[in-house]
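Taking the form predicted alone, here's one chain by itself in structure tokens.
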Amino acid sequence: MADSPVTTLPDSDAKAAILGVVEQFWGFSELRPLQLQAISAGIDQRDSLVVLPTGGGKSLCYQVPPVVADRMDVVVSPLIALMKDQVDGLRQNGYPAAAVHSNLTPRERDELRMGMRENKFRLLFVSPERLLSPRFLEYLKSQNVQAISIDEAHCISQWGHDFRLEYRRLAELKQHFPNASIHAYTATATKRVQGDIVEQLGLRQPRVIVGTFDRPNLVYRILPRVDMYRQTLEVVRRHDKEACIIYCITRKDTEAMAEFLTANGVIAAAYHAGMEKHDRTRVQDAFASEQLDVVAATVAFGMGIDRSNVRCIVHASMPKTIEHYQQETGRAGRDGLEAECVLLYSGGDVMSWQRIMTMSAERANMPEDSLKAQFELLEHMSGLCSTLECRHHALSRYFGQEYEQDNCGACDVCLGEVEGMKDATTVAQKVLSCVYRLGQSFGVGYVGEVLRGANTEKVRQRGHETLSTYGLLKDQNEKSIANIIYQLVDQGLLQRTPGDKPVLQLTDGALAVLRGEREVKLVEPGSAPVHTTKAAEHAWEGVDKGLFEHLRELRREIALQRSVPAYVIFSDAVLRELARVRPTLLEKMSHVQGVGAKKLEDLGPQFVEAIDEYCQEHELSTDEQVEVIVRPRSNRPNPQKETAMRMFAEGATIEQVMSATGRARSTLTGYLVEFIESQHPESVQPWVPDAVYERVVEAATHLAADRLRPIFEHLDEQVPFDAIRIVLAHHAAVSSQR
């Protein structure tokens, strides 16, 4: 696989231009690790493979280049729901993006055609099937597309965990667009899959950028499954009013789980591919809009889910691959805040997946090698569940990376929550002896009945109540004994025969245990004490939780009004910072990471007002210290700013400057304030009427205040914040000259 150093970085001016775009649209003044390299590859039109964990900021890597390069790029996305959510989020930020799919309304199609004709868009999302349709290909060729990004690129590899035949045709892109660069993005890819992606797409000397797979904000817990429903309920209750996804293997399990949770006071819904489309859409939309927080789902509830504040993922059964586990747990904590991931496993899950995989392979006429590869991946997943080492370490090692910390402080093993069973070797000997005494001819359930001393007709008919192993584990219940047996299967001390009615058999390793030559470690089935991590405590430091919930409600209301997911308004990370800083001035709010220019103009006044009112009612301090990260400034001229300054000097209105520069009102207001502070014009009459100027100055003098909110309220909320800001800047400038 071709590779190039990931240390390739742009010069200072190019970096400043990139950060300028990031700050304008997303409100961030710095980038995450490796984003700058990936963005540079896109701008330079250098083929690339970018592997960053879910929540690591992959999307930004293909969203920034077309704005900096002033072109329209194409993004291949596998799901309509995913495209729609991304476009909604980008447009809320003021970013010009569109998607082409079958669910567009006639009006949306007209707007799309007009926008394409006028070259308004910088990103165009499309499915692989539509992209490669002859008519659409010809259209894109006429548009001189220079870069194509492929999201969820692992789908092209048969060694990947989510192989899709329609993705195979993307290998044709180099033929249709020989001069365009191809950029592949995925969250989970082993080195084998990375090589396959490069080969299948025909990437030419690609820049391969692989981030750290570890997600330090995720707390992993892997527990033996004893009572799936009760254990899940216990986890979900730890996350009251927070978003949780519960993954189950079968459709029936999702429905039963949702019914059980609802009966126990948790509002939950099921989601699976067998539901009617409108029912699936209803559940998905309710979850995205924060009208529903708990969903029990199959993996069908997957790539289309982009809610950034999922605080909990529960796997009620073992996933079929570590890649699936990594991607599904990666849907938690995408806002960078701590989230909990709990996996309840049983050795029986392996058999269930083997049966499902075999049936699916037969229906799809899948090559034998592909099925064998799936079984191999399943074996790796089973191994992860049975190990008692640090979860972060084990996951990093699987993806070929070193984990340097001795104690992650964010998994059940390192937090000391995993409780080893006392006398585990003796317990194992009792189970293995029972299997031997029963002639290695019975399955898990029956062996468990004999061990717990069940007085059933089957046991009596066979005379097994007379065995020396009868009732040896009478202090354990049926589910606990089954769990112990499955742990022995996972450790290779027992094996289950293939077929619909598998029986337990001893392995060579079991004989060593029975002879006392080998010790066994078992995990105590049941609940272990759960510890709060230091990261979780730090994340809430200084945050007023009441204000946070108040802002969540405001976010939900705005999202419903606009028919967009709540997380595209502001992330939980932004809301927590707002509830910590408690800004009552737009200027203060502008320094909060994640608040871009468009959102400050669009949403700032509502949030500032809500914060001010809440703080006054609850007697909270406001405008706390916020860390302002200074980013490098570009030496390049800013044509839009220069045009704005020149037009302001000529007396142009803000509306006229907006039309000439394409900049948002909030950005231009900032330019105007800077112009006033540096040039000290005699009057601001072109931007604020004299009568309004007098009212603002009078109110400021009367209140002895330089904050916008008190003046705004004193003037009966009739004078816009921008006008107040302009007047205060001019009045201060004039006063300083006296």
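The structure presented is a predicted model; accordingly, all values stated were derived computationally and were not measured. Numbering starts at 1 and runs along the sequence shown.
Same protein, other form: the form predicted together with a small molecule, not shown, and the subject of what follows.
- Comparing 689-697, 673-681, 41-49, 57-65 against the small molecule in the predicted bound form, the single stretch with non-hydrogen atoms within 4.5 angstroms of it is 57-65.
- For the marked spot (28, 35 and 334), a heavy atom within 4.5 Å of the small molecule in the predicted bound form is present in each of the three residues.
- Shown alone here, residue 53 lies within 4.5 Å of the small molecule in the predicted bound form, counting heavy atoms only.
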